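Here we start with a single chain on its own, the form predicted alone, put down as structure tokens.
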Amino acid sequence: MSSKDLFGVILAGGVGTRFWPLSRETMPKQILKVAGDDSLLQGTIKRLSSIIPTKKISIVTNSEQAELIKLHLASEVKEKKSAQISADVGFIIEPFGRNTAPAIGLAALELIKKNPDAVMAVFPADHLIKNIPAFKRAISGAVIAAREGYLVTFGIKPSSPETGYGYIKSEKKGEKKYGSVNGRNIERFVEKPNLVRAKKYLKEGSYFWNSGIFIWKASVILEQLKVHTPSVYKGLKAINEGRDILKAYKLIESISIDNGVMEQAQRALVIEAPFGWSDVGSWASLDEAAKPNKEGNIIKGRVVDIGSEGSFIIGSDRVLATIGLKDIVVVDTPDATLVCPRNRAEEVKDMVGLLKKKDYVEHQRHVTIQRPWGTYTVLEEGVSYKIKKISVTPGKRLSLQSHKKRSEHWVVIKGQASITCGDEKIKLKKNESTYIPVGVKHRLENLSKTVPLEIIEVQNGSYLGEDDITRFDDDFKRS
């Protein structure tokens, strides 16, 4: 397959709420390792790099998640040489998420600048595909159709009456061959059905699960956005003319590519996917990513089990003991535990909504947060105080910063710290401490090239949110 005009686009702006409590806003599903040694995103990049040169693959995400993803891919490169491919991927960054239509439109603008005839192969970041040779053949056929001006998507032949997927109804006649695969015109898209309708779709035979994978020319999708979603196109046009992207995005409609374009498009084509596929959408589908034991259980972490069947039991650092579970999901993390029947795993997203409503931070972050310079772990938090354990990677330093509403007290527990506090520079070793007053510029640095620096930080103040940071200088170019 000639790939001169072919570019890969990976959509990586979601959180994956149905995988809570492992997935959080600060640990989205695509960077979880639910299927082997690679994260879902890493697996997607590897899969595409066998078809498209890595330098022609772009990740589309919002500004908040871009930092997390870059950090994740950088750590993967450091851990294993096989992850080096991730270092070459590009980023197309939205100021904030506006669903898939604006994200795809923004990517199309960028690709047309590189090649006016660019063909976009658009993939979600969190899918599993098992048959790679068949996947390559299917992409090759889809590119042929895309070059003819079609909007192409892949449909998955249903194996069960699934209510967690959207469906595509294809026309029964007019099938046409593209390379080694067959395409049919799309009659309509269907939202996630109830069980009765899902059974009907399975029986009828002309319905497919909507894979969320698309192939089309960048110029064609932009024209379709202009026709069907004028609000999105108007914002994209403003960005293309050099206007402020933040202002433009505030005016852009939040809409999916399915609702905005595919449901109205005349030249939309569905190709039955010949490759094994799963979007690992919820805990109920985990057995598509990992192999159950002879009792039908998937067990990970420090778990001790007696007599459970058909259950997913995921532990963390502490011991998790289970007895006689049947078709139950148990996921334990340091700060939250999920227990639910497998057949109600789709409702985890509703639970996350409830956590948000109650203003519980556990929907948003884990107790340990990764940063470009290392990690921090919240040990305890209360009214007007917060205690953290901060670990700074050898040779790294935090930004030069100040806080408007809190002071900080630092105690070194491992390594040696170099500290800037106002006009003063000091060095502290284990068991030594210092105080950072409210409003004073300060910086923490690990001068060692081999030993991590660990400190205990005690914050005091009227507001202790992570957004109370004014940065004056930052090695990682954060605002």
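In this text the structure is predicted, and so the values were computed from the model without any measurement. Between two forms, the rigid core is the largest collection of C-alphas that superpose within 1.5 Å. From 1 onward, residues are counted along the sequence shown.
We do not show the form predicted together with another copy of the chain, though everything after this point is about it.
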Joint contact, Arg318, Cys340 and Ser407 to another copy of the chain in the predicted complex, by non-hydrogen atom at 4.5 Å:
yes
Exactly one of Leu246, Val304, Leu195, Leu251 comes within 4.5 Å of another copy of the chain in the predicted complex through a heavy atom, and that residue is Val304
Partner-free chain; cross-checking another copy of the chain in the predicted complex, the single residue of Leu71, Ile144, Ile112, Met351 with a heavy atom within 4.5 Å is Met351
Only one of 133-141, 355-363, 261-269, 158-166 sits within 4.5 Å of another copy of the chain in the predicted complex by heavy atom distance, namely 355-363
Could you confirm whether Gly324 comes within 4.5 Å of another copy of the chain in the predicted complex, counting heavy atoms only?
-> yes
Worksheet item: Can any non-hydrogen atom of Ile57 be found within 4.5 angstroms of another copy of the chain in the predicted complex?
Response: no
- Looking in the predicted complex, any heavy atom of Val412 within 4.5 Å of another copy of the chain? yes
- Message: Even though the partner isn't displayed, in the predicted complex is Asp332 close enough to another copy of the chain, meaning a heavy atom within 4.5 Å?
- Response: yes
Those residues of 421-460 with a non-hydrogen atom no more than 4.5 Å from another copy of the chain in the predicted complex are Lys430, Asn431, Glu432, Ser433, Tyr435, Glu454, Ile456, Val458, Asn460
Relative to the superposed rigid core, does Tyr207 relocate between this form and the one not shown - that is, does its Cα move 2 Å or more? no
### Query
Do you see a C-alpha shift of 2 Å or more at Lys414 between this form and the one not shown, with the core held fixed?
yes
* Look at Lys405 and decide if its Cα position differs by 2 Å or more between this form and the one not shown after superposing on the rigid core. => yes
